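Take a look at this one chain, the form predicted alone, written out in structure tokens.
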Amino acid sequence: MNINITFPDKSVKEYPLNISPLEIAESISSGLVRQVITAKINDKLVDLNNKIMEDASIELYKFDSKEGQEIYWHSTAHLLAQAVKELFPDIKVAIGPAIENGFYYDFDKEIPFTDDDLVKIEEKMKELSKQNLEYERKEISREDAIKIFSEIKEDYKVELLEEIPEGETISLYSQENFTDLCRGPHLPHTGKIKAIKLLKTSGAYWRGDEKNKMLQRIYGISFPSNKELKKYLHDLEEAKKRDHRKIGKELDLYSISDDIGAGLVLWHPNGGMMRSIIEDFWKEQHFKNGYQIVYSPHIGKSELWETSGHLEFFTENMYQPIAVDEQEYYLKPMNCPFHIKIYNSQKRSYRELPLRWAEMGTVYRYEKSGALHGLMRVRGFTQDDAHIICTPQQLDEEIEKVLIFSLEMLKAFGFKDFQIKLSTMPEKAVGKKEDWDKATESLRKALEKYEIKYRLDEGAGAFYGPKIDIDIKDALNRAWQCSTIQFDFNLPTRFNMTYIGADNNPHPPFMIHRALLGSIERFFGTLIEYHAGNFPLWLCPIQVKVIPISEHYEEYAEKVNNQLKENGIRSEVDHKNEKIGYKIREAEIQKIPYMFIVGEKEKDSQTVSVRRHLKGDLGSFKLDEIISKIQEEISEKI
């Protein structure tokens, strides 16, 4: 008996009943067999040896896919756990998922792993991978699974199993003498794991809860070839050099103090200057694009957050209430309800729309301490929020405008390569289907009108509306989340937003949340890492350092400095009693774009000797000439 298999290109081929995805790959090419990781049968990911019992659609995934990488790295996590158990038999295993870049596994070990331990574990993993151990799937009852893991004293697995409803079928995966609780799928055998590197260890609370026991976590990465691993490790070293926490300290941009609180940022003068420049540019561009600026308080009464639904769905991310005059107030986690209250403060006519309201609004969200990361994940941050409130007839034009505005803003900061995603209606959603369809179509049409390449993410929209996400990609091909254009069918309904239409009747408006830079803190961290601290000239807190060769030329240096400032260029004189070589090296370390060296020759000729960061000596210039050149560079934002 034969079955029909439908491929992604809609072609159909006939195969014998009980054929596996691996056998289908063999029928296509031997090269595909070497590369294939997993298969999707009728929209479900399965092991490559899974038997196909009926007509089905199939999609085969290699390592270069998101699905392939996740299964490859999760399979390597199982290999890690097997190696640890062989070397340290008394250790208990917890969980070991694939993550964005690689995998980790948590172990109950009283003494942390050492660097020597990692070397031994990595060698054991390589040894086991060469044995081509098969990942064998077995389905058993919940009760039998509990019995198995209880007998081998794997308490964490038992705890997980006890939370699964009775009667559920459980899947286990084994390679040789190691068995793990897992949904799968996995690689067919360990031999597919060619290149492995264990990266680091850290402490991690069981289930991320500080009340639970501290476990020992091992992070790792793996690839199908040593070439890919070598490139990844090279990029990892480059990423360390670009780490915004390291550069932020070196350039004296910001700090986070334990005395003030984790996740709360102190902006130093250099960082404060850059933030001021960013915010001034942001405000100027918003005025040009027809926005009005609004401001809202940092706290609001509990009734506001009850109406918005935050107290019902977002409480775990909110700070505890503040009691004032027998009322409860909350630090705001979002700006949206305040903007809606401004809208609802009076009746609105269709003639007033669209309204475009923007705010640099500081919000506060509780993040677990383990999730905090420099500027990228903080507890107090400023969002460049805006809300566009419009009629259905204005929708397409408004989406086009905000999409182009978003890309132009990001390009002004030197970003060039974008990764764009359109997320559509999930299974559970609020609002009318026809509104979702209209909103999604507006987003799609705007992207296609301007021939913007995007990826469709079906069903991945928020429950309250479809959205476009714009991520930037850096020199290391990392994606950084920035702009979001998000419809909301939830809050307008909750707050009963309406406008009076041409028919004299009330109608619900469309409301679009929009953040161009996102969180200013995270955007600043992204900016640091993207440029590795070598910022575009217009953003630099100090654009020119005037360096006198000795104290005899400080008067001329001050004259040069004053002329620079009069022409709107941020500059300062280096008055330190150090040799000229030292001063130049220090300016290079501080990544100051221009250095003007002045001595006897420059004073006599009323010139400056110019050096450019990372480029070296540019020669001698008349002051007016180099000032014009710098002003042009600033105005062009290069």
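Numbering starts at 1 and runs along the sequence shown. We call the rigid core whatever largest set of C-alpha positions still superposes within 1.5 Å between the two forms. Only a predicted model underlies this, so the values are computations on that prediction, with no experimental measurement involved.
Unshown form predicted in complex with the RNA; subsequent notes refer to it.
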In the predicted complex, the one of 208, 506, 568, 297 near the RNA [non-hydrogen atom within 4.5 angstroms]: 208
Selected contact from 563, 202, 255, 289, since only one has a non-hydrogen atom within 4.5 angstroms of the RNA in the predicted complex: 202
Per-stretch contact check against the RNA in the predicted complex, the hit in 86 to 94, 188 to 196, 209 to 217, 225 to 233 (non-hydrogen atom, 4.5 angstroms): 209 to 217
Interface membership of residue 540, the RNA in the predicted complex, 4.5 Å heavy atom rule: no
Any non-hydrogen atom of residue 551 within 4.5 angstroms of the RNA in the predicted complex: yes
4.5 angstroms heavy atom contact with the RNA in the predicted complex for residue 625: no
Residue contact check: residue 28 to the RNA in the predicted complex, 4.5 Å heavy atom: no
Stretch 8 to 47: residues contacting the RNA in the predicted complex, 4.5 Å heavy atom cut-off: none
Yes/no, residue 213 Cα shift of 2 Å or more between the shown form and the other one with rigid core fixed: yes
Residue 300 C-alpha relocation of at least 2 Å between the shown form and the other one, rigid core basis: no
Pair residue 475/residue 246, Cα separation in the predicted complex versus the displayed form, closer or farther by 3 angstroms or more: closer
Sense of CA distance change between residue 523 and residue 100 in the predicted complex, threshold 3 Å: farther
